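As a starting point, one isolated chain is supplied in structure tokens, in the form predicted on its own.
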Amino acid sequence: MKAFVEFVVRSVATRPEAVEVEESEQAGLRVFRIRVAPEDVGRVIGRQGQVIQAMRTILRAVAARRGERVQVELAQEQAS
């Protein structure tokens, strides 16, 4: 699932080298934290949240088939 998240986010980002995806597990919940460059936050969210919502929907469907729960969080890197 992490590879899927990285692929989608890098595909829409203007700075794919700045994309970082961190995966962690918290009380039976798999959490994906996505960090992107400040100028890519809007692109990852998409118009009216469509891109990130579609990604969340797909991940939840895959996780449900595996009997897992998943959450996707988006953060921006600090501007340097």
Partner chain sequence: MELETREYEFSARSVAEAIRKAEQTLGRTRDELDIFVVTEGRGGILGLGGEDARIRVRLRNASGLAIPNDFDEGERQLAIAAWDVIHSLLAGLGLEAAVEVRRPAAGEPTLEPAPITLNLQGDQVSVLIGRRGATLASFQFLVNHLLARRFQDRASVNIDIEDYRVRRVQSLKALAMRAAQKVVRTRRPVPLDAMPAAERRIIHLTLANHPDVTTQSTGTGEARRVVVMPRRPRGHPRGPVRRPFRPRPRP
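Residue numbers count along the first chain shown, from 1. Model, not experiment: these values are computed from the prediction.
Keep in mind that the form predicted in complex with its partner chain is missing from the display, and what follows is about it.
Novice: Any of the heavy atoms of Arg69 lying within 4.5 Å of its partner chain in the predicted complex?
Specialist: Heavy-atom contact with its partner chain at 4.5 Å: absent for Arg69.
Novice: Classify Ala75 as contacting or not contacting its partner chain in the predicted complex by the rule of any non-hydrogen atom within 4.5 angstroms, answering yes or no.
Specialist: Close contact is absent here: in the predicted complex, Ala75 is far from its partner chain, nothing within 4.5 Å, heavy atoms only.
Novice: Can you tell me whether Val21 touches its partner chain? I mean in the predicted complex, with a 4.5 angstroms heavy atom cut-off.
Specialist: Residue-level check for Val21: no, no contact with its partner chain.
Novice: Would Val41 show up as a contact with its partner chain in the predicted complex if we use heavy atoms at 4.5 Å?
Specialist: The answer is no: Val41 has no heavy atom within 4.5 Å of its partner chain.
Novice: Who in 7-24 is close to its partner chain in the predicted complex, meaning a heavy atom within 4.5 Å?
Specialist: Counting only heavy atoms within 4.5 Å of its partner chain in the predicted complex, the contacting residues of 7-24 are Phe7, Val8, Arg10, Ser11, Val12, Ala13, Pro16, Glu17.
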